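Starting off, we have a lone chain in the form predicted on its own, written out as structure tokens.
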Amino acid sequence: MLTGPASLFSDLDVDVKPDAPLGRLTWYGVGGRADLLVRPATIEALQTLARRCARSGIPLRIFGSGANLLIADEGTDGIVIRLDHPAFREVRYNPTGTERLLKAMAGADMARTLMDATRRGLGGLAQMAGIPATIGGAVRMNAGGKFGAIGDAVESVTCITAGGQRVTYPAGELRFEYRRTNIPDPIILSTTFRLEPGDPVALRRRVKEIFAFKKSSQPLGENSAGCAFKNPVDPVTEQRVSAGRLIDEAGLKGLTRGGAKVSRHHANFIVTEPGATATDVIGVMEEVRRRVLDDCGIELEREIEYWRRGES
């Protein structure tokens, strides 16, 4: 349990919840608690808290929508920040001639931002249909799928450094690679996207098509945090191959450990049932990784973030 001085946040405009039940806020719905869950109300409070945590050597994590995340049963240490106050959910549009810029704060919901832009006749984010995330979380991991990634539309990203300073990176200074970026700072504050005007009806139709594809091919109605593993690079062809296909070919659909199992709908999804634990989920992941390696010689890398004590 974190016992750091209250001076970290006692004079700041923040909401603080000690021993917060973090695991049940994730899409898996399992896992332990956070020593401290802190919700800053202002950007200035967030900057100051980041600076103080860095100086004190206290781990700091950002909790987004709870997708793509597993909390260990024993919980997580340090300070967990949730950017869900209005200051961090704002979305603004800035028409500039034939171009359109959209600035979304890190806590803004990805699905709502996409649908609002679509209604306004602004395209460029359709590839994010059906992907649960906050803007900050999606940008951090360059979330996406078969239809593209969020980095395809990024104009710039503004971050808060460990020292509490704001810094903005134009897209030309960033690398958006498969499920990762080179953003060096601990906190993404906002992202500006370059969108293109289009027919709202056609844009809406495209979003619905992508969402329908994902609904038909993924277990969206079950407790799951998204793809469990990254699509690996085949060492022979040097091309990415489907992790789901490798897991399926190894005969692992339905593999169960406690209350967690490999989805029969899509093999790269691990789903949880009532009574499941984070240990169950990790057990399934490790068994899948071992058996796929034995079956085809390819080692899978976890896509799901795993928070546990002693790791930052």
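As the structure is a prediction and not an experimental result, all values here were calculated from the model. Counting begins at 1, following the sequence as shown.
Form predicted together with a small molecule: not shown, discussed below.
Mapping the unseen interface onto this chain, V262 falls outside it, with no heavy atom inside 4.5 Å of the small molecule in the predicted bound form. S156 falls outside the set of residues with a heavy atom inside 4.5 Å of the small molecule in the predicted bound form. Contact check for G136: a non-hydrogen atom falls within 4.5 Å of the small molecule in the predicted bound form.
The closest heavy atom approach of G78 to the small molecule in the predicted bound form falls outside 4.5 Å.
In summary, the region of this chain contacting the small molecule in the predicted bound form, judged by heavy atoms within 4.5 Å and restricted to 241 to 249, 29 to 37, 57 to 65, 273 to 281, corresponds to 57 to 65.
Out of the listed residues L102, L125, L203, I187, I187 is the one that sits within 4.5 Å of the small molecule in the predicted bound form by at least one heavy atom. A heavy atom within 4.5 Å of the small molecule in the predicted bound form is found for exactly one of A111, V167, A162, L220: L220.
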